[in-house]
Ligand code: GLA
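One chain follows as C-alpha cells, the form predicted alone.
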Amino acid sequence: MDDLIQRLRKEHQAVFGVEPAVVAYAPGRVEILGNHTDYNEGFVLSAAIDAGIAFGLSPADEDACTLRAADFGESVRFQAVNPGRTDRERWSNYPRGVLAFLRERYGFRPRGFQGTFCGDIPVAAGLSSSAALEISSGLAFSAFHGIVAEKLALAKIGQRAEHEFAGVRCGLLDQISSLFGREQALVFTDFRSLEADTVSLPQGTAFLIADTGVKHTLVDSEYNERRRRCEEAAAAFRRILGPGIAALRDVTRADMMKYRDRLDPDVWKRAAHPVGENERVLTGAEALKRGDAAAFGRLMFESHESSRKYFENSCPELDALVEAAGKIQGVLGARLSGGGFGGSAVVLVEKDRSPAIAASLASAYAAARGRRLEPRVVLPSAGARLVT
C-alpha cells in the first residue's frame, strides 16, 4: 500500500501542482465462498486483499471538480453540486455516484476539488476494483467535507452508485469486504442482518489468484439476468411455501428438490446455485473454526461445479484453470471468484508449496488454453482506511 500511496502523491503533484490534502485507501476483495448469495440475503466468506485503490483530493478555487484516473491517463470535469452520470468516461460514474449519494445522506454542500486515483488491482479480474474505487472515494469525500460516514452507510452508498450510476445491480459483498477486512482472516457476512464477523484461516494455508485474462464487464454481461431469475424463484417459493420466504436464503435444497416441477426449469436452475452456496458457506465456516482446510477446500470445488452447472457464470478458461488446479499436489480447493463470466479463480493451497503450485498451474493452463498466466499469492488484509 505504501508504494501506491507514494505513486498517488507524485501523480497528483505532477498534474495539479500540490500534494493531496486528503488520501484514502480501499482494498479489493476476493470472494472465497458464497457466490451470488449476497443479494439473496444469504451468507458469504470473503477477504480484503493486499491490493487496492488510493484516492486523493485537494481543494479547487472554484465549484468545478476535476478528477483524474492516473492509470488510464484520463481526466473529467463536472460540477460539485451536480456530478451527474456520463456515458463517456464511464469509470467516473463510480465516484460521481458516491459524491451525489453522500451529499443526499449527510446534507453537506459539495466543494470543488482536484482529485486523483490509482490502483494496483487488475481491472476486470473479478477482484472488485469498482468497489475499491467507491469506498476509497467515499472515505476521501467524507473527510474532505468534514463528515464521518458509518461503514454500513458507506457500503450502501457505494452499492447505490453502482446501481444507479454504473448500471450494475450488485449486492453489498464487495463494499463490505473492502471495509471490514482483517489480516489473515476471512470476512463472514450475513447479508440479511448485514452483520460482519471474521474467521481466521488455518495455519499453513494461503490463496493464489490466477487471472484468466478473460475480461468480464458485468454491465454488459448476464449478471442482471441471473439476479432477476433469483428474484423470480424467491417469488415462486413464496407462493408455494408462504410469506416466510423473503429471499432464496429461506429456501433449502430439500425445498428445491421437492418443488422442482413447480418452477420454470431455467428459474430452478439459477436458484439451485445460491441455495446450495448458502449451505456451503455455513458448513465452510464451521470447517475453518475446526482448522479443517481440506474440508473447506472440497467445498470450494463443489462451489465451482455449481457455478458451472447451474448458474452458468463460468467460462471455458475458468473451468480449465480449476480443473488443472485440482490435479496439483498441495492444492486444497479452487473456484471462480466474483461475478464470473471471466476474471480470476481463487485457489486454496498449502502455503509452503505456493511457489511450486503457481508454476505448475501456469504450465498446465498454458498447455490447456495456449496462454500463460501468472498466479499471485494474495494475503487477507485490513480493510479500507483514511491515510491522511
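Worth saying up front: this structure is predicted, and the values here are computed from it rather than measured. The first residue of the shown sequence is 1; numbering continues from there.
Not on display, but discussed next: the form predicted together with ligand GLA.
When contacts are judged by a 4.5 Å heavy atom cut-off, Asn35 counts as touching ligand GLA in the predicted bound form. Looking at Gly171, you'd find a heavy atom of it within 4.5 angstroms of ligand GLA in the predicted bound form.
Interface residue remark: Gly56 is not counted as part of the site for ligand GLA in the predicted bound form, having no heavy atom within 4.5 Å. For the chain shown alone, Gly333 is not a contact residue for ligand GLA in the predicted bound form, no non-hydrogen atom being within 4.5 angstroms. Stretch-level contact analysis of 25 to 33, 59 to 67, 318 to 326, 348 to 356 against ligand GLA in the predicted bound form, using heavy atoms and a 4.5 Å limit, identifies 25 to 33. Residue in contact with ligand GLA in the predicted bound form (any heavy atom within 4.5 Å), chosen from Phe188, Phe144, Phe237, Tyr223: Tyr223. In sequence order, Gly338, Gly339 are the residues of 310 to 342 having a heavy atom within 4.5 Å of ligand GLA in the predicted bound form; the partner itself is omitted from this view.
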